[in-house]
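Form predicted alone, single chain, as structure tokens, below.
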Amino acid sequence: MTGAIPMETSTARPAARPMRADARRNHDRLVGEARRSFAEHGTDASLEDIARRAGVGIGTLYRHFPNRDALMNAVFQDALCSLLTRSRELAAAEAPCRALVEWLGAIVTHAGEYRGLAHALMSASRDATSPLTQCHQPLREAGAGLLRRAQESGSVRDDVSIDDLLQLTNAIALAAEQSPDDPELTDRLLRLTLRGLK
């Protein structure tokens, strides 16, 4: 016996292979068409139409994105990056409570770009198996940092949780989506949130 450590081949995962050029093009076209369709028709837009407009069959769409949430996750990565960047920028703000509410407002604005996104994010927060959890979890961690700083400054009550705030934020986005003729609704609800946090 040489003392070598045995490899556990049954649980080892092979490294993901990079996409072929044609597969990458199909992926990118699908994401681009999904972004346009979701903005125009909401997140329940027809996947068949998205595939057709991308110039591929529905089977190709499902090979890249096994379900709607996986496609939505891919579409929202750019917005997720900008929200995470904004949370880092606000992390040193002089007024931590206002910084937190400003960041929550940015989430509402983002969710408002796609009808149905707020509802999908609310559902994903309770479903660890959803691909949208990949969006929700980083947002949760970023928001928790802003909330903790606001609580440590004494400007936000200790009994406020980031999960409650994110649900409230999605509810505000959902309310704004249902009331397109009231453009001031989001600001009013965020001001109420700010008063309730103190």
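Numbers for residues come from their place in the sequence shown, where the first is 1. All figures in this text were calculated on a predicted structure; none of them were measured in a lab.
Another form exists, predicted together with a further copy of the same chain; not displayed. Remarks below refer to it.
Asks: Using heavy atoms and a 4.5 Å cut-off, decide whether Cys81, Thr129 and His136 all contact a further copy of the same chain in the model of the complex.
Replies: Not a single listed residue reaches a further copy of the same chain in the model of the complex, so no.
Asks: When a further copy of the same chain is placed as it is in the model of the complex, which of 63-71, 156-164, 34-42, 47-55 ends up with heavy atoms within 4.5 Å of it?
Replies: Within 4.5 Å of the partner lies stretch 156-164.
Asks: Only one of Leu30, Ile172, Ala142, Ala150 comes within 4.5 Å of a further copy of the same chain in the model of the complex by heavy atoms, so just point that one out.
Replies: The residue from Leu30, Ile172, Ala142, Ala150 that makes the contact is Ile172.
Asks: Check His110 for me: does it contact a further copy of the same chain in the model of the complex (non-hydrogen atoms, 4.5 angstroms)?
Replies: Heavy-atom contact with a further copy of the same chain at 4.5 Å: absent for His110.
Asks: Does any heavy atom of Arg188 come within 4.5 Å of a heavy atom of a further copy of the same chain in the model of the complex?
Replies: Within the cut-off, so yes.
Asks: Quick one: does Ala106 come within 4.5 Å of a further copy of the same chain in the model of the complex, counting heavy atoms only?
Replies: Ala106 lies outside the contact set for a further copy of the same chain.
Asks: Report yes if any heavy atom of Ser123 sits within 4.5 Å of a heavy atom of a further copy of the same chain in the model of the complex; otherwise report no.
Replies: Yes, Ser123 sits close enough to a further copy of the same chain in the model of the complex that at least one of its heavy atoms falls within 4.5 Å.
Asks: Just to make sure I understand: among 179-198, which residues lie within 4.5 Å of a further copy of the same chain in the model of the complex, judging by heavy atoms?
Replies: Sequence-ordered list: Ser179, Pro180, Leu185, Arg188, Leu189, Leu192, Thr193, Arg195, Gly196, Leu197.
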